[in-house]
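So this first bit is one chain, no partners, the form predicted on its own, shown in structure tokens.
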Amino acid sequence: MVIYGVYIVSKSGGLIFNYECNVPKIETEKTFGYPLDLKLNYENKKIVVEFGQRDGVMVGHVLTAVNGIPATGRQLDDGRDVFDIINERENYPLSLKFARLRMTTNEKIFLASMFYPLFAIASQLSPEPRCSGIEVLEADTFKLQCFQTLTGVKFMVVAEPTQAGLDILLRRIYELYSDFALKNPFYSLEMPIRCELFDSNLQNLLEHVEKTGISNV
């Protein structure tokens, strides 16, 4: 069993806890001819694939090296500008290395704030009253399972797409949250969870689940 991450979103839509584990490192290096059939854009101090994808290079991947020379932002380690190189025909063929970087804290906060209205919209679109909202979101590379408490706090687990029984794991995480976060006299509701006991017990739970399976939780 592979768990990629655990996220907790407050009832107001803010990310109050996240824990990542087993996030696969994706790197792809390919040789390209002129003209480059990918649209690259410089944003947030990195060069990102904005349009076009091929051979494992996907939209959102970041350029990390040109001809084996690491790139930091839009500059190579030898001082040359990346766009000056890829825009000149005589520099081709070029070996470009792309990778999917880990999300920053700000990116996680942004995604959590986006999930909140989607959850509410799903509840309103349901033809049946009292819809629970989004419970499972499945894609070709991952599965997201969500459990909302009576107070509106959302617990989410991202795992491999074939994983079953995530609802059991979510309820066990909720128990840990109740025991070690809510009962902590120094914790305030709606605030980020910073509790060592919660962190350590959650880590132990995930390690146990990966070794023995959810049925043994």
Partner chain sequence: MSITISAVRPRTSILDKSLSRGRGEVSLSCYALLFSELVQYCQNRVYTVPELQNKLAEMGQEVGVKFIDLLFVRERSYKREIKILNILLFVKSTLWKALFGKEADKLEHANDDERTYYIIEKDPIVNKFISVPKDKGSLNCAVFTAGIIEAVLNGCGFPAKVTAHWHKGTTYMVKFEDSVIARDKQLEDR
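Model, not experiment: these values are computed from the prediction. Positions refer to the first chain, counted from 1.
The following text describes the form predicted together with its partner chain, which does not appear among the structures shown.
- Stretch-level contact analysis of 60-68, 180-188, 162-170, 40-48 against its partner chain in the predicted bound form, using heavy atoms and a 4.5 Å limit, identifies 180-188.
- Contact between residue 21 and its partner chain in the predicted bound form is not found at the 4.5 Å heavy atom cutoff.
- Contact annotation for residue 195: at least one heavy atom lies within 4.5 Å of its partner chain in the predicted bound form.
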